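What follows is a single chain, given as structure tokens, in the form predicted alone.
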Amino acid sequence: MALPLPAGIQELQPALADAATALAILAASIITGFLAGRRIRLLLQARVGRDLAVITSRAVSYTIYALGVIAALSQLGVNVNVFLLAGGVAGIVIGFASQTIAANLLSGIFLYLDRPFKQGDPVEINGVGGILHDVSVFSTKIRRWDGVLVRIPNEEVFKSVIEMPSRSLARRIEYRIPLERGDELEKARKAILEELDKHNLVLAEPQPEIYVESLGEYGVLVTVRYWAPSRKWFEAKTSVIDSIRRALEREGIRIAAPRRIVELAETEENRNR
């Protein structure tokens, strides 16, 4: 016949059982959170990028850890409502204090999902043009054409009009050329068209356009438009204008300089002279 356990030990048995259960819950949550986070990171890394995959996996892991801690404390008889209330109040305070951070974080996630551009693309965002250097969780970095690295918050990027010239196969180039004499217009048009036709970076379709834009201080202002491959846009812009300049010089057509007409008011002194 088994001897009855002392009263103190009988009272300790349920507490030990609860402690063992709490430890088991805590261990299970740690293992589950680690495995779930690792699995999510591996699944998302190839689809949305490393940064977003790491953030998502950590959020899932920490959520499982927190639930495990709450369940373990509840198993031990701790009133977790106090912690939940304190966490809710702290969350509200932190939320108001970090609205900008949250907005940049969400904007970064949406940019990852939308993928409007990729690293190495030429872009222009809010007047900042250059090569896209990096898109992180909170900001987008652009290396400007002069080599300076510019950081733009993701919230601003997400709300901005973004120009992405590399997404187009061809881009239009436009010049404004002032001519001194209007009677040389047809001669200049012919010379310019010949240069555009023989240049290997000028596309035949859409066809180049040459027309008079205005008559002003320079004389006759002629606009020249043509299309070039996007990847060769800068090379086409710089080389074609030089070819046009040389062609006009060969034809004896001069580029106009600004002109002003000055009228002198007649005074008594001028009349006496």
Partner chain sequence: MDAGSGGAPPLGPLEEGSLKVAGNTLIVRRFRGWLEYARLGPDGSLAAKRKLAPGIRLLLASYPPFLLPEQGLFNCVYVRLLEPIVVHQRSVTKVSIEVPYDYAVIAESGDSHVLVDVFPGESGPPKLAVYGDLIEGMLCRFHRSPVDEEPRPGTARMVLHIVNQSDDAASVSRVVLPRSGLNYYHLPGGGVRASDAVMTIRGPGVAEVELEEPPLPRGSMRVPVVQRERRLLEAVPYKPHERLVMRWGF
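Residue numbers count along the first chain shown, from 1. In this text, all values refer to a predicted model and were calculated from it rather than measured experimentally.
We do not show the form predicted in complex with its partner chain, though everything after this point is about it.
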Contact of residue 231 with its partner chain in the model of the complex (heavy atom, 4.5 Å): yes
Quick one: is residue 198 in contact with its partner chain in the model of the complex, heavy atoms, 4.5 Å cut-off? yes
For residue 169, is any heavy atom within 4.5 Å of its partner chain in the model of the complex, or not? yes
Close approach of residue 109 to its partner chain in the model of the complex, 4.5 Å, heavy atom: no
Taking 4.5 Å between heavy atoms as the contact cutoff, choose which of 203, 125, 188, 132 touches its partner chain in the model of the complex. 203
Using a 4.5 Å heavy atom cut-off, which of 117-125, 161-169, 144-152, 68-76 contacts its partner chain in the model of the complex? 161-169
